[in-house]
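As a starting point, one isolated chain is supplied in structure tokens, in the form predicted on its own.
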């Protein structure tokens, strides 16, 4: 079904981007995601996997640069256009849409430096790539440190006794990196570069991290096996290992002196990305349930004619529109101002992911026994949705930090447009 957009001010360009992304999601992402979901993690990234043709097509269309500005060769989308495209792609596959986002993270980090040499080395080649041969990932989460990595304001974040799993020491004009990142690094085992968060000042605990761009073909850099998991099986994830890996000092694009602010900025940015993708998944669940209820006959009537079904479908519809409104509002704020207001992005992420899961759960219930069958899409949507409450900071931790931020800053002063 064609889903109405409540924003009546969409431009011709907005609508064209929306239609093109939906067509690609329907014809490419959704069928590929179904194939990958039924494979083992190893099969999903094997040389003959449909993942690689999908990636090449995505790069040919420039979707790997959806988050990057036009000045460095990215799509250069407006905040509204960004979330619209991500919603459409995620309608086809949350996992594959999210992968296209994280594949750009190393390039995005480099672009933020404004350093021409770093941009020339890591950003321009990525944006110009059209065959999928340059692939980034975000090396943040660690085996012993998950959501406490974003626990700014809590004592644990500044505790010098906290030893991180991945550390770097300066040796002359190089950083020497040792340790590992957890199995939850999205795109980890297929990456060519990582935006690595690594402890460089142990005296500051978790606040003593730096962000370093690390090519994964350097001596001592290696990858673990791809993670086997309940949902988002079309999203490759896996461990990264570093043994005396040497990178130039200039690859450390942010140090401990600005790290806390960088994390705040990442939360303000990445949580909107998660929110937009969750909106697409919530809408996919609504579409599946809506179409099924127009055809399935129970109790002598089509499901859509039952009073309780009308109520449930309306609740699903309302969740989609709530997700859309909150995501777009946060994007139009935090993709425009700097520094952003992370509490709005975290409110969007925690709300949309929960509503996404609620819609997927309702879709299964409305399909009844068929909802539990792999023959129907809601079974996969539910497994994919469940992971969103943990990804990019679990919702409880984000809510804690959002509350902390409110007590520190609320009410915010007016912001001039």
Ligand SMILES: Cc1cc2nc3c(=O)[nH]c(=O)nc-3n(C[C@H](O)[C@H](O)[C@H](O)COP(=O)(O)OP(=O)(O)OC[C@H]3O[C@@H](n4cnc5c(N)ncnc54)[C@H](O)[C@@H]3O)c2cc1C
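Since this is a predicted model, take the numbers as computed values, not measurements. Residue numbers count along the first chain shown, from 1.
Omitted here: the form predicted in complex with the ligand. The next part is about that form.
Among the residues 237, 199, 104, 194, the one placing a heavy atom within 4.5 Å of the ligand in the model of the complex is 237. Residue-level contacts in the model of the complex: of 39, 46, 372, 390, one residue has a heavy atom within 4.5 Å of the ligand, and it is 390. Highlighted residues 122, 210 and 250: none comes within 4.5 Å of the ligand in the model of the complex, counting any heavy atom. Stretch 226 to 234 is the contacting one of 114 to 122, 78 to 86, 284 to 292, 226 to 234, since its residues have non-hydrogen atoms within 4.5 Å of the ligand in the model of the complex. In the model of the complex, residue 394 approaches the ligand with a heavy atom inside 4.5 Å.
At the 4.5 Å threshold, heavy atoms of residue 255 stay clear of the ligand in the model of the complex, well away from it. In the model of the complex, the ligand sits beyond 4.5 Å of every heavy atom of residue 269. Looking at residue 280, you'd find every heavy atom of it more than 4.5 angstroms from the ligand in the model of the complex. Contacts between stretch 172 to 195 and the ligand, counted in the model of the complex as any heavy atom lying within 4.5 Å, involve 184, 185, 186, listed in sequence order.
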